[in-house]
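Below, in C-alpha coordinates: the form predicted on its own, a single chain.
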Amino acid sequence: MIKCVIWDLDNTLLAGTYLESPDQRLCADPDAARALAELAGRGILHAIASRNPPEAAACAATLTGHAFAAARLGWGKKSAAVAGILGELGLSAGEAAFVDDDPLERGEVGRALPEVLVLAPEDLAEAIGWPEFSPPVITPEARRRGDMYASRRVRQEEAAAFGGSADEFLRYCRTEVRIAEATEADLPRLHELSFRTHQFNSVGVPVGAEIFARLAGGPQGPSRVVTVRLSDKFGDDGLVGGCVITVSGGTWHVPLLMMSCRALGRGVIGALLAWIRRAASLADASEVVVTCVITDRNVPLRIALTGAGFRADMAAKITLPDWAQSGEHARVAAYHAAPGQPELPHWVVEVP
(Lines give C-alpha, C1' and ligand atoms only; values in the text may rest on other atoms or scores of the structure.)
Protein backbone atom coordinates (compact mmCIF):
# COMPACT_ATOMS: atom_id res chain seq x y z
CA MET A 1 0.00 0.00 0.00
CA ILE A 2 1.10 3.54 -0.78
CA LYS A 3 0.80 5.55 2.44
CA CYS A 4 2.17 8.88 1.22
CA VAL A 5 2.35 10.79 -2.07
CA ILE A 6 5.29 13.21 -2.23
CA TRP A 7 4.70 16.07 -4.66
CA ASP A 8 6.94 18.39 -6.60
CA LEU A 9 5.36 21.84 -6.86
CA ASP A 10 6.33 23.66 -10.08
CA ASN A 11 4.19 22.51 -13.02
CA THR A 12 3.13 19.48 -11.00
CA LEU A 13 0.96 20.30 -8.01
CA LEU A 14 0.99 23.96 -9.06
CA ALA A 15 -0.13 25.14 -12.48
CA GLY A 16 2.98 27.22 -13.02
CA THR A 17 6.31 28.03 -11.40
CA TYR A 18 6.32 29.51 -7.91
CA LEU A 19 9.36 31.79 -8.28
CA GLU A 20 8.15 33.09 -11.62
CA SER A 21 4.91 34.30 -10.04
CA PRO A 22 6.05 37.02 -7.61
CA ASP A 23 2.54 38.40 -7.36
CA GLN A 24 1.41 34.90 -6.29
CA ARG A 25 -1.10 34.64 -9.12
CA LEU A 26 -0.88 30.90 -8.98
CA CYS A 27 -3.43 28.14 -8.78
CA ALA A 28 -3.27 24.45 -8.10
CA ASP A 29 -3.19 22.20 -11.13
CA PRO A 30 -6.82 21.01 -11.33
CA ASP A 31 -6.01 17.39 -12.20
CA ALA A 32 -3.38 17.14 -9.47
CA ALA A 33 -5.70 18.78 -6.94
CA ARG A 34 -8.47 16.31 -7.75
CA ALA A 35 -6.09 13.37 -7.36
CA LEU A 36 -4.78 14.77 -4.07
CA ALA A 37 -8.30 15.20 -2.68
CA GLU A 38 -9.37 11.72 -3.79
CA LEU A 39 -6.32 10.03 -2.26
CA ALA A 40 -6.56 12.08 0.95
CA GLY A 41 -10.11 10.78 1.31
CA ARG A 42 -8.68 7.26 1.24
CA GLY A 43 -6.35 8.04 4.14
CA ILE A 44 -3.20 8.57 2.06
CA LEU A 45 -0.83 11.25 3.31
CA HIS A 46 0.66 14.00 1.16
CA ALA A 47 4.02 15.75 1.40
CA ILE A 48 6.08 18.22 -0.63
CA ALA A 49 9.62 17.88 -2.01
CA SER A 50 10.42 20.92 -4.13
CA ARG A 51 13.25 23.21 -5.21
CA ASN A 52 11.61 26.31 -3.80
CA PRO A 53 11.82 28.54 -0.75
CA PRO A 54 10.05 27.27 2.40
CA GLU A 55 7.10 29.64 2.00
CA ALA A 56 6.07 27.78 -1.17
CA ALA A 57 4.73 24.97 1.02
CA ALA A 58 2.31 27.35 2.74
CA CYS A 59 1.22 28.60 -0.68
CA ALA A 60 0.49 25.05 -1.84
CA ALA A 61 -1.46 24.33 1.35
CA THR A 62 -3.60 27.43 0.76
CA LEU A 63 -4.22 26.67 -2.90
CA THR A 64 -5.13 23.01 -2.34
CA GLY A 65 -6.83 23.44 1.04
CA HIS A 66 -4.80 20.49 2.30
CA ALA A 67 -2.57 20.14 5.38
CA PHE A 68 0.64 18.45 4.23
CA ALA A 69 2.21 15.92 6.57
CA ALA A 70 5.77 17.03 5.76
CA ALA A 71 7.63 19.39 3.45
CA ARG A 72 11.29 19.53 2.38
CA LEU A 73 12.11 22.56 0.26
CA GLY A 74 15.53 23.66 -0.96
CA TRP A 75 17.99 23.21 -3.79
CA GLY A 76 19.51 19.85 -2.89
CA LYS A 77 18.79 16.49 -4.51
CA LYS A 78 15.15 15.49 -4.67
CA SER A 79 16.08 11.98 -3.49
CA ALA A 80 17.53 13.49 -0.29
CA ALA A 81 14.30 15.44 0.27
CA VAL A 82 12.20 12.30 -0.30
CA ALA A 83 14.41 10.25 2.04
CA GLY A 84 14.10 12.96 4.70
CA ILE A 85 10.31 12.90 4.44
CA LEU A 86 10.23 9.12 4.75
CA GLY A 87 12.38 9.30 7.87
CA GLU A 88 10.25 12.05 9.38
CA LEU A 89 7.02 10.13 8.82
CA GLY A 90 8.43 6.72 9.75
CA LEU A 91 7.65 5.20 6.34
CA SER A 92 9.60 2.83 4.12
CA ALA A 93 10.47 3.69 0.53
CA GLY A 94 7.99 1.09 -0.70
CA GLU A 95 5.16 2.96 0.99
CA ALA A 96 5.66 6.20 -0.95
CA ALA A 97 5.00 7.60 -4.41
CA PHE A 98 6.82 10.61 -5.89
CA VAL A 99 5.22 12.85 -8.53
CA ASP A 100 7.31 15.26 -10.63
CA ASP A 101 6.94 16.71 -14.12
CA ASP A 102 10.71 16.65 -14.75
CA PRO A 103 11.97 13.29 -16.12
CA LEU A 104 15.49 14.02 -14.86
CA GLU A 105 14.19 14.49 -11.32
CA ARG A 106 12.10 11.32 -11.59
CA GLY A 107 15.15 9.42 -12.80
CA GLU A 108 17.34 10.72 -9.96
CA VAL A 109 14.80 9.66 -7.32
CA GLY A 110 14.21 6.32 -9.03
CA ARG A 111 17.91 5.50 -9.07
CA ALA A 112 18.55 6.56 -5.47
CA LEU A 113 15.34 5.10 -4.03
CA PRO A 114 14.25 2.27 -6.34
CA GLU A 115 11.41 1.14 -4.07
CA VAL A 116 9.63 4.50 -4.33
CA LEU A 117 6.86 4.51 -6.94
CA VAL A 118 7.86 7.33 -9.33
CA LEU A 119 5.11 8.93 -11.42
CA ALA A 120 4.69 11.72 -13.93
CA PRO A 121 1.65 13.99 -13.39
CA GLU A 122 -0.06 12.48 -16.44
CA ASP A 123 0.14 9.04 -14.77
CA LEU A 124 -2.10 10.07 -11.91
CA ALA A 125 -5.49 9.67 -13.57
CA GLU A 126 -4.80 5.97 -14.09
CA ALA A 127 -2.69 5.43 -10.97
CA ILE A 128 -5.39 6.36 -8.47
CA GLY A 129 -7.26 3.26 -9.62
CA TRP A 130 -4.33 0.93 -8.96
CA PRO A 131 -4.45 -1.50 -6.01
CA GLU A 132 -1.50 0.30 -4.37
CA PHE A 133 -3.71 3.35 -3.90
CA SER A 134 -6.90 1.45 -2.99
CA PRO A 135 -7.00 0.37 0.68
CA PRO A 136 -9.55 -2.39 1.33
CA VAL A 137 -11.18 -0.39 4.14
CA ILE A 138 -11.32 3.35 4.84
CA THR A 139 -12.15 4.41 8.38
CA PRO A 140 -12.82 7.84 9.93
CA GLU A 141 -9.29 7.70 11.37
CA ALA A 142 -7.94 7.24 7.86
CA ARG A 143 -9.81 10.26 6.52
CA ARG A 144 -8.38 12.40 9.34
CA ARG A 145 -4.81 11.16 8.85
CA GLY A 146 -3.58 14.35 7.20
CA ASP A 147 -4.85 16.50 10.08
CA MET A 148 -3.34 14.08 12.60
CA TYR A 149 0.08 14.37 11.01
CA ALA A 150 -0.23 18.15 10.97
CA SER A 151 -0.85 17.95 14.73
CA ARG A 152 2.09 15.57 14.98
CA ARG A 153 4.38 18.17 13.43
CA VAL A 154 3.26 20.81 15.98
CA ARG A 155 3.79 18.29 18.79
CA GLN A 156 7.31 17.52 17.57
CA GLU A 157 8.16 21.22 17.37
CA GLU A 158 7.02 21.75 20.96
CA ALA A 159 8.89 18.63 22.10
CA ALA A 160 12.10 19.96 20.56
CA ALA A 161 11.72 23.20 22.52
CA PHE A 162 10.61 21.52 25.77
CA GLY A 163 13.19 21.56 28.54
CA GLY A 164 12.02 18.59 30.59
CA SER A 165 12.10 14.81 30.30
CA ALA A 166 10.04 12.69 27.92
CA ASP A 167 7.73 11.70 30.79
CA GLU A 168 7.27 15.35 31.74
CA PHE A 169 6.44 16.23 28.15
CA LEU A 170 3.78 13.51 28.01
CA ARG A 171 2.26 14.99 31.18
CA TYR A 172 2.47 18.48 29.69
CA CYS A 173 0.65 17.23 26.58
CA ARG A 174 -2.14 15.74 28.74
CA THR A 175 -1.53 12.38 27.07
CA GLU A 176 -4.35 9.88 27.57
CA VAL A 177 -4.24 6.21 26.54
CA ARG A 178 -7.58 4.39 26.79
CA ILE A 179 -7.50 0.59 26.83
CA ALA A 180 -10.78 -1.27 26.37
CA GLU A 181 -12.40 -4.39 24.96
CA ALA A 182 -13.17 -4.13 21.25
CA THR A 183 -16.71 -3.45 20.14
CA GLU A 184 -18.31 -4.24 16.80
CA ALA A 185 -17.74 -0.65 15.70
CA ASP A 186 -13.97 -1.11 16.18
CA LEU A 187 -13.60 -4.08 13.83
CA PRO A 188 -13.05 -2.17 10.54
CA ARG A 189 -10.34 -0.03 12.14
CA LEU A 190 -8.62 -3.10 13.62
CA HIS A 191 -8.63 -4.66 10.16
CA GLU A 192 -7.16 -1.45 8.73
CA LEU A 193 -4.40 -1.42 11.35
CA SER A 194 -3.52 -5.03 10.56
CA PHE A 195 -2.54 -4.19 6.97
CA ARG A 196 -1.19 -0.68 7.57
CA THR A 197 1.16 -1.39 10.50
CA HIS A 198 4.60 -2.92 9.99
CA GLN A 199 7.09 -1.57 12.54
CA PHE A 200 4.77 -2.50 15.41
CA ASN A 201 3.04 -5.63 14.15
CA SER A 202 3.77 -9.08 15.54
CA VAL A 203 2.40 -11.12 12.61
CA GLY A 204 2.81 -8.95 9.51
CA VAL A 205 -0.27 -10.22 7.68
CA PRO A 206 -3.72 -8.62 7.28
CA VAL A 207 -6.40 -9.87 9.66
CA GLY A 208 -10.00 -9.56 8.49
CA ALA A 209 -12.75 -7.87 10.48
CA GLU A 210 -14.59 -11.19 10.58
CA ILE A 211 -11.60 -12.78 12.32
CA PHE A 212 -11.57 -10.06 14.95
CA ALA A 213 -15.32 -10.53 15.41
CA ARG A 214 -14.82 -14.26 16.00
CA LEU A 215 -11.94 -13.67 18.41
CA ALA A 216 -13.74 -11.03 20.48
CA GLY A 217 -15.07 -13.45 23.05
CA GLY A 218 -15.34 -10.95 25.92
CA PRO A 219 -13.35 -10.61 29.15
CA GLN A 220 -14.30 -14.03 30.45
CA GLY A 221 -14.05 -15.92 27.18
CA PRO A 222 -11.17 -17.92 25.70
CA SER A 223 -9.97 -14.91 23.72
CA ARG A 224 -10.07 -11.14 23.96
CA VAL A 225 -9.57 -8.36 21.47
CA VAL A 226 -8.27 -5.20 23.14
CA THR A 227 -8.18 -1.72 21.62
CA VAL A 228 -5.93 1.25 22.40
CA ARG A 229 -6.94 4.87 21.81
CA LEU A 230 -4.67 7.88 22.09
CA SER A 231 -5.30 11.59 22.58
CA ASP A 232 -3.56 14.66 23.98
CA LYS A 233 -3.90 18.43 23.95
CA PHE A 234 -2.90 18.53 20.28
CA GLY A 235 -5.73 16.27 19.11
CA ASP A 236 -7.45 12.88 19.16
CA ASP A 237 -5.62 10.15 17.25
CA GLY A 238 -8.45 7.67 17.73
CA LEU A 239 -7.85 3.94 17.72
CA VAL A 240 -4.10 3.50 17.26
CA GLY A 241 -3.46 -0.08 18.36
CA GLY A 242 -4.73 -3.34 19.69
CA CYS A 243 -3.93 -6.90 20.59
CA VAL A 244 -5.45 -10.37 20.71
CA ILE A 245 -5.15 -12.35 23.94
CA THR A 246 -5.95 -16.03 24.27
CA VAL A 247 -5.98 -17.88 27.57
CA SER A 248 -4.87 -21.49 27.86
CA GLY A 249 -4.54 -22.92 31.34
CA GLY A 250 -2.60 -20.37 33.33
CA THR A 251 -0.88 -18.81 30.31
CA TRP A 252 -1.85 -15.66 28.50
CA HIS A 253 -0.82 -15.87 24.85
CA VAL A 254 -0.68 -12.70 22.71
CA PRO A 255 -0.58 -13.88 19.07
CA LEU A 256 -1.18 -10.39 17.67
CA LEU A 257 0.03 -7.01 18.89
CA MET A 258 -0.08 -3.97 16.60
CA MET A 259 0.36 -0.24 16.93
CA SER A 260 0.30 2.72 14.54
CA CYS A 261 3.63 4.48 14.04
CA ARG A 262 1.81 7.71 15.02
CA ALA A 263 2.05 6.44 18.59
CA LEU A 264 5.85 6.11 18.40
CA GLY A 265 7.60 7.91 21.25
CA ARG A 266 4.36 8.74 23.03
CA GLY A 267 4.42 6.04 25.71
CA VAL A 268 1.69 3.93 24.13
CA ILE A 269 3.39 0.63 23.27
CA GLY A 270 4.99 0.49 26.73
CA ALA A 271 1.64 1.29 28.33
CA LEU A 272 -0.09 -1.54 26.47
CA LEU A 273 2.61 -4.07 27.39
CA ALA A 274 2.48 -2.97 31.04
CA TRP A 275 -1.31 -3.30 30.97
CA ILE A 276 -1.10 -6.84 29.54
CA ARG A 277 1.36 -7.94 32.26
CA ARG A 278 -0.69 -6.28 34.99
CA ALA A 279 -4.04 -7.69 33.78
CA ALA A 280 -2.53 -11.17 33.54
CA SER A 281 -1.16 -10.89 37.08
CA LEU A 282 -4.52 -9.76 38.43
CA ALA A 283 -6.11 -12.77 36.71
CA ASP A 284 -3.57 -15.07 38.44
CA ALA A 285 -1.99 -16.07 35.14
CA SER A 286 1.27 -17.95 35.59
CA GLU A 287 2.84 -16.70 32.35
CA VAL A 288 2.48 -14.13 29.58
CA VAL A 289 3.88 -14.94 26.13
CA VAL A 290 3.86 -12.62 23.10
CA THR A 291 4.59 -14.47 19.86
CA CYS A 292 6.33 -12.41 17.20
CA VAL A 293 7.10 -13.30 13.59
CA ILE A 294 10.59 -12.00 12.87
CA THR A 295 10.54 -9.53 9.96
CA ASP A 296 12.91 -6.83 8.74
CA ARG A 297 10.29 -4.20 9.55
CA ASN A 298 9.24 -5.03 13.11
CA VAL A 299 12.57 -4.45 14.85
CA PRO A 300 11.03 -1.49 16.80
CA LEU A 301 8.38 -3.82 18.24
CA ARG A 302 10.98 -6.34 19.33
CA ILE A 303 13.02 -3.58 20.98
CA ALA A 304 9.87 -2.39 22.79
CA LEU A 305 9.15 -5.92 24.02
CA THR A 306 12.65 -6.23 25.43
CA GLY A 307 12.43 -2.80 27.04
CA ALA A 308 9.13 -3.77 28.70
CA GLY A 309 10.66 -6.81 30.41
CA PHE A 310 9.97 -9.53 27.83
CA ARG A 311 12.74 -11.97 26.89
CA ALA A 312 12.91 -13.79 23.55
CA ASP A 313 13.06 -17.54 23.15
CA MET A 314 14.06 -18.18 19.53
CA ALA A 315 14.13 -21.95 20.01
CA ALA A 316 10.52 -22.31 21.14
CA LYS A 317 8.27 -24.46 18.96
CA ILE A 318 5.34 -22.19 18.12
CA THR A 319 2.25 -22.90 16.06
CA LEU A 320 0.65 -19.70 14.88
CA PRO A 321 -3.15 -19.47 14.54
CA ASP A 322 -4.45 -20.05 11.02
CA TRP A 323 -5.32 -16.36 10.65
CA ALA A 324 -1.75 -15.31 11.52
CA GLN A 325 0.04 -17.51 9.00
CA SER A 326 1.43 -16.02 5.80
CA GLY A 327 2.00 -19.29 3.97
CA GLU A 328 5.74 -18.65 3.93
CA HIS A 329 8.39 -20.11 6.18
CA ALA A 330 9.03 -17.59 8.94
CA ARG A 331 11.04 -17.43 12.13
CA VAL A 332 8.87 -16.91 15.20
CA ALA A 333 10.07 -15.93 18.66
CA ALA A 334 8.23 -16.36 21.96
CA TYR A 335 8.67 -13.33 24.20
CA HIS A 336 8.14 -14.28 27.86
CA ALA A 337 7.19 -11.55 30.31
CA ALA A 338 9.21 -11.02 33.46
CA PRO A 339 7.27 -11.90 36.64
CA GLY A 340 5.61 -9.14 38.59
CA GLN A 341 2.83 -6.60 38.32
CA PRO A 342 4.11 -3.35 36.82
CA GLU A 343 2.57 0.00 37.61
CA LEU A 344 0.60 1.53 34.78
CA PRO A 345 1.77 4.91 33.51
CA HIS A 346 -0.35 7.76 34.86
CA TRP A 347 -1.78 8.49 31.41
CA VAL A 348 -3.48 5.08 31.04
CA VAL A 349 -7.26 4.90 31.49
CA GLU A 350 -8.82 1.45 31.72
CA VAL A 351 -12.35 1.31 30.32
CA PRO A 352 -14.49 -1.40 31.96
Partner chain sequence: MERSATGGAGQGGAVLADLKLMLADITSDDAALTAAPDTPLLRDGLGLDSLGGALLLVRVRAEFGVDVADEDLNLDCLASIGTLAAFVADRMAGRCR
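Positions refer to the first chain, counted from 1. Given the structure is predicted, the values throughout are model-derived calculations rather than measurements.
The discussion below concerns the form predicted in complex with the partner chain, not included here.
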| query | finding |
| --- | --- |
| 112, 264, 120, 93 - the one with a heavy atom within 4.5 Å of the partner chain in the predicted bound form | 264 |
| The single option of 151, 199, 79, 139 touching the partner chain in the predicted bound form, heavy atom within 4.5 Å | 199 |
| Proximity to the partner chain in the predicted bound form (heavy atom, within 4.5 Å), stretch among 307-315, 64-72, 49-57, 279-287 | 307-315 |
| is_contact(residue 300, the partner chain) in the predicted bound form, heavy atom dist at most 4.5 Å | yes |
| Proximity of residue 337 to the partner chain in the predicted bound form, heavy atoms at 4.5 Å | no |
| Residue contact check: residue 322 to the partner chain in the predicted bound form, 4.5 Å heavy atom | no |
| Contact test in the predicted bound form: residue 331 vs the partner chain, heavy atoms, 4.5 Å | yes |
